[in-house]
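Before any questions on binding or motion, here is one chain by itself as C-alpha cells, the form predicted alone.
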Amino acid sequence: MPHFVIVGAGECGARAAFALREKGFEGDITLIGGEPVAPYERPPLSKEGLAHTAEPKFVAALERYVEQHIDLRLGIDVIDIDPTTKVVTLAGGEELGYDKLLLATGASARAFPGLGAISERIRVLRTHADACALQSALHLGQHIAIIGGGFIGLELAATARKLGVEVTVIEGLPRILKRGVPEEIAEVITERHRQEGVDISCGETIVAVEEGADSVVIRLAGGKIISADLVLVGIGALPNVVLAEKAGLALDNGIAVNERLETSGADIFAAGDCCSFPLALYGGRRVRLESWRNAQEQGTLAAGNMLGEWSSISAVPWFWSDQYDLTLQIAGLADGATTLLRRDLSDGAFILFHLDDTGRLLAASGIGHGNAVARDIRLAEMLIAARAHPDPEALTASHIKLKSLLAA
C-alpha cells in the first residue's frame, strides 16, 4: 500500500490530504504538523479571530480526518528528510517511509533586525498561539506600536482599535502598503485608519527598541520617541525551508518547484507559502505567494500531481484584506504595468486596472465597502487569465459591464 506523507498541517497540507481522498487515493496518508492545534485558517487571526481566540476556524472537524483515514499527527516536528531512502525522521527518532512527500511547511514571521527573541511585550502574529497571547495582552486604553505598515500590521491596527486600544503604526517606506497596493488605494486606507484614530508614521528609521518593566520604548532616527505597552512586529514572513535545505533541495525565495509543484528531489513536492514557482501567465516569472486561496489551490493541485495528473499552475494570484468596513481585493501581478486606469463604482468604491505597454491587462486592484468590488474583480481576474487586451475606454466606463469585455 503506497504511503504519502505531508509535512505541514496548515491550510495547504490539510487541503492536499482531503483532495487525495477525493481523487480516489486509497493508500496511507500521514499529515504532520508542528503546532498542537488541528489545521486552521490563518486570515482570521489578524481580523475577527483576534477578538475571539478561544478556538480557531478549523479547516475541518477532527472527525473528518478519522473518517477519511488521514493519520493526523499534531505537535510533532519533522527534523530530517532523506530523499535517497525516502524516509522522514520525526523529533523523538521515529522514522516514516514515503512513496510521495509533500512539503507544505508554510512561512514564519520575519524578525526585526537587531531585536531579540519574542517576549512578553514584543510579539509577532503568525499562529493561533500568537493570537491568543496577543489578545490576552490587549486591554482597553492600552497603547500598541506596530512595526510595519503592511497587511498584517494594518489589519491588526483595525482590530485593536475595535478593542479600544490606542495604535501607532511605524513604516520605514514612504507610505503604507508600498510593495503591493497602488498609491490611490493606500491613501484611502491611510485616511480610514486616521479617521479611527490610528497614528501612522511613514519614512521612519528605528534606531533602538528598548523593553522595560512596564513599557517598550522605540527610538526613531529623527529623535522621536514612542512609548507603548506592547510592540507588534509585522514586517512580513520568511518561507520555512530548513528541512528542504537540509535535504539538498533547490531553493529560490523558498523551495523551488516547477509548474507542477515538483521539487528538485524525486517524488517530493512543495506547495503554499513555502515554495516559489514559475507562472506561465507572466512569462514564467518565478513568484512566491502568501495567500489563503493560493494555499487551497496549490494543496489540491499538489494532490493531483502526486497521483500523476501532471497539471500546471494556471491560477491568477488573488488576495484580499478587510480593514474596518473596507475590503481590498487584488487580482494578478502589477509588475511591468505601464498604464493605470480607474473605474469608479457606487458609494466611493473603485477599481484600478494595470496594463502593460501592449494593452494587456496584468492586474486589477479594488477597494470599497463590503463586497462592492468583488464581482468586478472576479471578472477582471477572468480577463487577466484570458490575457485580454480590453478597450481602455470601456474599462473606465462604469456603465459598460466588464462581462461584455470578457465575451468580446
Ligand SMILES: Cc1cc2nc3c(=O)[nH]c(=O)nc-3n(C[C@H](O)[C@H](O)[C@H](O)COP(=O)(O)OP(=O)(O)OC[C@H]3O[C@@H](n4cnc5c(N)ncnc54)[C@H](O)[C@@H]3O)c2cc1C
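Treat the numbers as computed from the prediction; the structure is a model and nothing was measured. Each residue number is its position in the shown sequence, starting from 1.
Here the subject shifts to the form predicted together with the named molecule, a form of this protein not shown in this document.
Only one listed stretch (300-308, 210-218, 97-105, 168-176) carries heavy atoms within 4.5 Å of the named molecule in the predicted bound form, and that stretch is 97-105. The listed set V87, L251, I76, V188 contains one residue whose heavy atoms approach the named molecule in the predicted bound form to within 4.5 Å, identified as I76. With the partner omitted from this view, the residue of L154, L232, A295, I255 that lies near the named molecule in the predicted bound form is A295 [heavy atom within 4.5 Å]. Of the heavy atoms in G33, some are within 4.5 Å of the named molecule in the predicted bound form. With a 4.5 Å cutoff on heavy atoms, R343 does not count as touching the named molecule in the predicted bound form; it lies far away. The named molecule in the predicted bound form comes within 4.5 Å of a heavy atom belonging to K47. Interface residue remark: Y324 is not counted as part of the site for the named molecule in the predicted bound form, having no heavy atom within 4.5 Å.
Residues are counted as partner-facing when one of their heavy atoms sits within 4.5 Å of the named molecule in the predicted bound form; in 1-39 these are V7, G8, A9, G10, E11, C12, G13, I32, G33, G34, E35, in sequence order.
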